[in-house]
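Just one chain follows, in the form predicted on its own, and it is written as structure tokens.
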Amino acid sequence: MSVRVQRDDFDVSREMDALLTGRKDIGGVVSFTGLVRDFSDDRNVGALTLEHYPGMTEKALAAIEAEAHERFDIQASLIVHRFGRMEPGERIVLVIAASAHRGEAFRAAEFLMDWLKTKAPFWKSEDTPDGPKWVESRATDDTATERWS
């Protein structure tokens, strides 16, 4: 299990290679990479800024990852989440779930992203033509998380 919260970008291939090196017990790997969009709802977005509390955020992400390992038969996982100011097209988050079989990896990766969207302590602000706007939680994210209850 591995969690990182960082300002710098990440290389998906390197992260995947590091997670899987020497592993012979893994038959399926699912990854998700979240990117900054240049729009949100009905407004243009010039940049996204994510804030967090160091220590608290890592602890929360580790708990989410541990929950995935309890619920699903996965052999390895990784969460890398960025903070700071990011431009459209930049990577925000990487989730990797690896298991002996693809089904568990798919379910675990989806669970991790659903829970990250609703339970990870990040605060998001979008730079818009009308000035900075705090991002509110979405009902669709809450609905996605509820199915895991």
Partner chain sequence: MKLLYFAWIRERTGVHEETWPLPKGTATVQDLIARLAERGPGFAHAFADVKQIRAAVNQETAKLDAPVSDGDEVAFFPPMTGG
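Every value quoted in this text rests on a predicted model; they were computed, and no experiment measured them. Numbering follows the first chain given and starts at 1.
Below, we refer to the form predicted together with the partner chain, which is not included among the displayed structures.
Residue contact check for residue 51: one or more of its heavy atoms lie within 4.5 Å of the partner chain in the predicted complex. Remark: residue 84 does not count among the residues lining the partner chain in the predicted complex, judged by a heavy atom distance of 4.5 Å or less.
Interface membership of residue 119, defined by any non-hydrogen atom within 4.5 Å of the partner chain in the predicted complex, is confirmed. Contact check for residue 136: a non-hydrogen atom falls within 4.5 Å of the partner chain in the predicted complex. Within 4.5 angstroms of the partner chain in the predicted complex, the stretch 56-85 places a non-hydrogen atom from each of 56, 59, 81, taken in sequence order.
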